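Have a look below at one chain only, the form predicted alone, in structure tokens format.
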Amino acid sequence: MDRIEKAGGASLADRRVVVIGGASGIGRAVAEAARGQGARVVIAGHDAGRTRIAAEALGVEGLVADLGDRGSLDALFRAVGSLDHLVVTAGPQFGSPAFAQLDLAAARRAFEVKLWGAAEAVQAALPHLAPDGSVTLTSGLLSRRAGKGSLAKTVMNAAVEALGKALAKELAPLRVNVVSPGVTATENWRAVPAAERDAFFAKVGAGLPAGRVGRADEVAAAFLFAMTTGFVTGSVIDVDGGGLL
């Protein structure tokens, strides 16, 4: 009989974890949590300075990679060498215009990065990934809760969830999952004035069963669950405070 993981999941101790998008937001929280469990963490981002500063603060390795540039992804994984877990949290920032005002060319470019950039990252990593390892992608609440102004985000995130399920079948026994966060308070909201941001978080939180928006560390816990639980693959893990209800 095949070995069965002990309750609590596999350890990340001394495992190599690569987080594309690990310089900020949820990705940074994932990198910090994985390092806290003893993983050897590499964060990657397109902004070399920001990635270096984050890597130094976290005590991990920082490398440059851009989801829109396959050459940079190939270079990233050549530099990393063998790895056990790939996490992709990076993606384009996109607003919520009404469909009549939606810049379809910009939406198409964002879709290319969010979906095909993630696919390129997985394909580039494949020769280096341990067969008993994992890939965890990132979608979002709007994938299954469309609303006015959400068309671009809904389509992008739904496509990433479909990608995760298809890859879980095709790449088995490598495990592939998707984490779908709801509204999460991270530094990625720093461009929004504080009063406006706080009012938005309060309004969203008041409409959730959890009564508040999420924290980055709470979402990061779902990524660690996906990495360490060997019987989970092809799943979309919702961390949204009940936002889909």
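Residue numbers run from 1 along the displayed sequence. What we label the rigid core is the largest C-alpha set whose atoms superpose within 1.5 Å from one form to the other. Only a predicted model underlies this, so the values are computations on that prediction, with no experimental measurement involved.
Keep in mind that the form predicted together with a small molecule is missing from the display, and what follows is about it.
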Inset, instruction - Check each of D47, D198, E218, E61 and return the one that places a heavy atom within 4.5 angstroms of the small molecule in the predicted bound form. - result: D47
Inset, instruction - Could you tell me if all three of F77, L224 and T228 have a heavy atom no more than 4.5 Å from the small molecule in the predicted bound form? - result: no
Legend entry - Heavy atom of T184 within 4.5 Å of the small molecule in the predicted bound form: yes
Inset, instruction - Tell me, yes or no, whether G38 is in contact with the small molecule in the predicted bound form, where a contact means a heavy atom of each within 4.5 Å. - result: no
Inset, instruction - Evaluate H85 for contact with the small molecule in the predicted bound form, applying a 4.5 angstroms cut-off between non-hydrogen atoms, and reply yes or no. - result: no
Legend entry - 4.5 Å heavy atom contact, V18 and the small molecule in the predicted bound form: no
Inset, instruction - Report the stretch among 106 to 114, 165 to 173, 127 to 135, 77 to 85 that approaches the small molecule in the predicted bound form to within 4.5 Å, counting heavy atoms only. - result: 106 to 114
Inset, instruction - Take the rigid core as the frame of reference and indicate whether the C-alpha of W189 shifts by 2 Å or more between the shown form and the other one. - result: yes
